[in-house]
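In the block that follows, a single chain appears as structure tokens, in the form predicted alone.
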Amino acid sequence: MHLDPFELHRPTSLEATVRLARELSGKFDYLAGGTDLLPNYKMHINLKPHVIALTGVPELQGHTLTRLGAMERLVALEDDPGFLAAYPGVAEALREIATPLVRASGTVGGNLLLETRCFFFNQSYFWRESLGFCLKADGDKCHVVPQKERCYATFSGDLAPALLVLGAEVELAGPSGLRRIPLGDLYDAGGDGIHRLTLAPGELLVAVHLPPEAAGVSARYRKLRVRPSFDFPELGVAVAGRFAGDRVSTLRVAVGGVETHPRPFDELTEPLVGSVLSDDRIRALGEAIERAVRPVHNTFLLPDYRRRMVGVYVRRALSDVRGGSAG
């Protein structure tokens, strides 16, 4: 594997970055930590002639308890005891991302905008060429669900579900200026593995904002993967809740790793507000979410197994949150 030539740009302000993105008009990729983009480039996957490095943009740096810069390294959050204590679900997600070496380079924004994955896509050029390529890179056919209209590559970030259940918002910058939207609105639920984001052309992620009330919420993140020390999620489940005594005040569940976008299930959890989160309700909610997800055969584990594990992991996470709140 090798890197083909590209022109590297190093803007030093957010304004200069947006201006450069407008000038290059889609013929570029943003470079954050490079832990996903550069391996893809080495495998000749969707190369661009220009790369805009974001390491010199100060507006994207740093973190507080309520603001995470998009270029903040994952290890910086992992090394902040106050942050880990305030957001136990995010802390668990952080520790589950790849390896310590990857977390030293990987960034908050990079994990939220991680390229969707599929074992027909994340392969060498020669492997993909022997198959006739795929809809997501160089070809015109999806090999997962054979047809030529929709890509089924799976969203495989860990942070998104954990931040979604806390009500996080994202700050975006582009040619039209700055805007803030709920994190869930960053992902296109009606899209596919290629068209997965709602970002406007040239727009970039500046920061994640957490509401003050999110600190201290009982939360958990559980991840299924083949190799516990390294792999992308075959399934990621995040749960967060507040309780008044034994009754639910707020409850949110989000699932990643099984569809083209991280998916919250507010329509199933909101009816539980005011009720006791009994074992029967936990079981019923796990079964309802299990029925709702639609994994496909594009990872190492079979879709039916991943679907059944959704129910198992949701039930375990809900039980942990209920117990953690009582404690």
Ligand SMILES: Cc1cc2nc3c(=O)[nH]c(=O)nc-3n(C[C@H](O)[C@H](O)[C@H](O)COP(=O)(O)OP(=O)(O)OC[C@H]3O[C@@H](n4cnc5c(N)ncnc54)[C@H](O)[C@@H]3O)c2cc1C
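Fair warning: this is a prediction, and the values are worked out from it, not measured in the lab. The first residue of the shown sequence is 1; numbering continues from there.
Not on display, but discussed next: the form predicted in complex with the ligand.
- Under a 4.5 angstroms non-hydrogen atom cutoff, the ligand in the predicted complex lacks Glu259 among its neighbouring residues.
- Taking non-hydrogen atoms only, Leu31 approaches the ligand to within 4.5 angstroms in the predicted complex.
- The ligand in the predicted complex is approached by Thr35, whose closest heavy atom lies within 4.5 angstroms of it.
- In the predicted complex, the ligand sits within 4.5 Å of a heavy atom of Glu96.
- Against the ligand in the predicted complex, the set Phe83, Val314 and Arg322 makes no contact: no member has a heavy atom within 4.5 Å.
- Here the chain stands by itself, but in the predicted complex one stretch of 242 to 250, 83 to 91, 199 to 207, 175 to 183, 199 to 207, has heavy atoms within 4.5 Å of the ligand.
- A single residue from the set Leu77, Leu224, Val102, Ala215 has any heavy atom within 4.5 angstroms of the ligand in the predicted complex; that residue is Val102.
- Along 88 to 117, residues Glu96, Ile97, Ala98, Val102, Ser105, Gly106, Thr107, Gly109, Gly110, Asn111, Leu113, Leu114 each place a heavy atom within 4.5 Å of the ligand in the predicted complex.
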